[in-house]
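Below you will find one chain, with nothing else, as structure tokens; this is the form predicted alone, and questions on how it binds or moves follow later.
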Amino acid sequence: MKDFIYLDNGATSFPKPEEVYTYMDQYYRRLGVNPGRSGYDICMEAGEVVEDTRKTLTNFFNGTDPDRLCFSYNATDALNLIIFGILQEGDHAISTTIEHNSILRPLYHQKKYGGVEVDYIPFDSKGFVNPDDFPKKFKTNTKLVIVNHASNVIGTIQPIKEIGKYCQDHGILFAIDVSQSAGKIPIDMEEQNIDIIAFTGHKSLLGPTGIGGLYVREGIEIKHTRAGGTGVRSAVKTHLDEYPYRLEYGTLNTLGVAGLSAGLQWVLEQGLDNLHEHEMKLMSKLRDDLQDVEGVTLYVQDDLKDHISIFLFNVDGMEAMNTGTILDVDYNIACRTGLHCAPLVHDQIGTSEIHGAVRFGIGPFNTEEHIQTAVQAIKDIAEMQKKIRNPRNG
């Protein structure tokens, strides 16, 4: 593992801070019981960890009521709760072509089986949607606008404040997916006019997999799409209406909550600005060192303003998967290849026909040496491919 270079932080952050490993181990050994189900001491203490994490996350997103911070398995789970809990037959929704399948597929399902109409706003050549395009699509039955805050493919940060203001002015719910942005850049529900946030814990919040959630602004109700145990008011025959129980079902992933708490604490101690500056410094070096290399194509990286550290490229004439395999086998560099669960992005940038692209996701533990090694590896692969395409005679 000494020479292993991990550049797949867009999929999940790795490694985690040492504090996350330590706290999860200590928590589960000492407090690995079911919180909220009984009144003995360690059960109450385990519950306090869960509630303290709700409060910290609520403050992190500048929410107002920790009870409206609901835990789920991941962002996909949270987005399903949102999309299926808000949209009904006859409703209209608006999204974008920048989306991950965690939004696209529930919307497709609602259109095919639920009688919901959906429009998609395309992004421009720089990777951004135009906020002014949204009100042009508003209808009397528009119920929800849902947008990926930062692209997991091209790294662009969408203008959610402006989109949210249009939605607010027209009484339309505005939800965002912050899977890639939470832990990298500030997210403020009040300032950015956000009604609902869906997040995951295992990316830039530096927690484990299997934990995520959503925050729902006061005054917004998401209907039940599931039912089950809550640990309280057990005699009530229907699932509870009050938050957080309204959107939580059965036993929580308490170990995941503990790990998320530790990861979030580490992020807050380091500072969002410092983490983002470090990652974007490495991103800039990667871009600058490769943008003029013959045989390497970069996508949507001419200007890195309003970007996170997601770097997308291809070596000309090579399948992305083959490039990724060489990086892994010959250079011990881990990355992501293919369509990245976001096919509409690849449709727009023209990489669908060649089965996607290679993605580097830079994280807080990457170094300049990692980037130098990756740059040289890509140059080597491009040179090798050039020789294959133009073999020398004799």
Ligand SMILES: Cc1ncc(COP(=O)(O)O)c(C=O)c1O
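Don't overthink the numbering: it's just position in the shown sequence, from 1. On a predicted model such as this, the values are computed, not experimentally measured, just so you know.
What follows is about the form predicted in complex with the ligand, which we do not show.
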Problem - Interface membership of A150, the ligand in the model of the complex, 4.5 Å heavy atom rule - result: yes
Practice task
Answer yes if any heavy atom of H202 is within 4.5 Å of a heavy atom of the ligand in the model of the complex; otherwise answer no.
Solution key: yes
Problem - Partner proximity in the model of the complex: T76 to the ligand, non-hydrogen atom cutoff 4.5 Å - result: yes
Practice task
Indicate whether R246 is a 4.5 Å heavy atom neighbour of the ligand in the model of the complex.
Solution key: no
Practice task
Can you work out whether the ligand is within 4.5 angstroms of a heavy atom in all three of G10, S102 and D177 in the model of the complex?
Solution key: yes
Problem - Stretch in contact, per heavy atom within 4.5 angstroms of the ligand in the model of the complex, of 268-276, 68-76, 104-112, 164-172 - result: 68-76
